[in-house]
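One chain is shown next in structure tokens, namely the form predicted on its own.
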């Protein structure tokens, strides 16, 4: 796509995500009193998740009539040919429920299943993370670049865990093996922001299994455009990380981190 086209899509993503972030923040007090579960008792959705996605869909219908939307709460097309908006109305719903500020609204535009523009907006801090394919990644107008670390033993690594308890135990065992080979570990609870953290150099690497497209569509583009080595579900399997792994790391430690994860058995979780 032309640069002007991706920039226009980015601007729409920012506008819609910002408006939705305001709704999410204002609605929290009422929303957390109406919580239901999805795949299990730990996998939740609030009324704010639903209202936020309705707003996103309504605004995208106004700004891009006829363009399909794939979202966490409302689903969407399985055929991703052409332009598709991929949205997560609240990434980090458990954090939102508990009052932890690490959650975000994620809006991305994909062309033929590949992210070309995106925005991740944090309702509490107001930070706005953006990227366009080939145009770089930005935080509130400041260009982003991944860390320059080259030593895995000095790397700060993020991860996350599945809602399904048995799989979570297997994932925790693998990450426990990795813990002794890196500086330290972090578990933020919002994949989009973990990927943005790699872009900013706040994390040196990140890996998580079981994410959906809306979890990584914007954040992975931001990390990649900031210089991270990125592997997404479907292509990570060739690196031994597992079919549904999402991986992002600074180039200086990417291969060492990948090899360490594989050695710890991550491909089998």
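Numbering follows the first chain given and starts at 1. Just so it is clear, the model here is predicted, and its values are computed rather than measured.
We do not show the form predicted together with D-MYO-inositol-1-phosphate, though everything after this point is about it.
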item: Heavy atom within 4.5 Å of D-MYO-inositol-1-phosphate in the predicted bound form - the one residue of 110, 197, 93, 149 that qualifies; value: 93
item: D-MYO-inositol-1-phosphate: the contacting residue among 86, 190, 121, 157 in the predicted bound form [heavy atom, 4.5 Å]; value: 190
item: Check all three, 144, 202 and 204, heavy atom within 4.5 Å of D-MYO-inositol-1-phosphate in the predicted bound form; value: no
item: 4.5 Å heavy atom contact, residue 208 and D-MYO-inositol-1-phosphate in the predicted bound form; value: yes
item: is_contact(residue 138, D-MYO-inositol-1-phosphate) in the predicted bound form, heavy atom dist at most 4.5 Å; value: no
item: In the predicted bound form, segment of 24-32, 210-218, 224-232, 62-70 with a heavy atom within 4.5 Å of D-MYO-inositol-1-phosphate; value: 210-218
item: D-MYO-inositol-1-phosphate in the predicted bound form - contacting residues of 151-179, heavy atom within 4.5 Å; value: 160, 161, 163
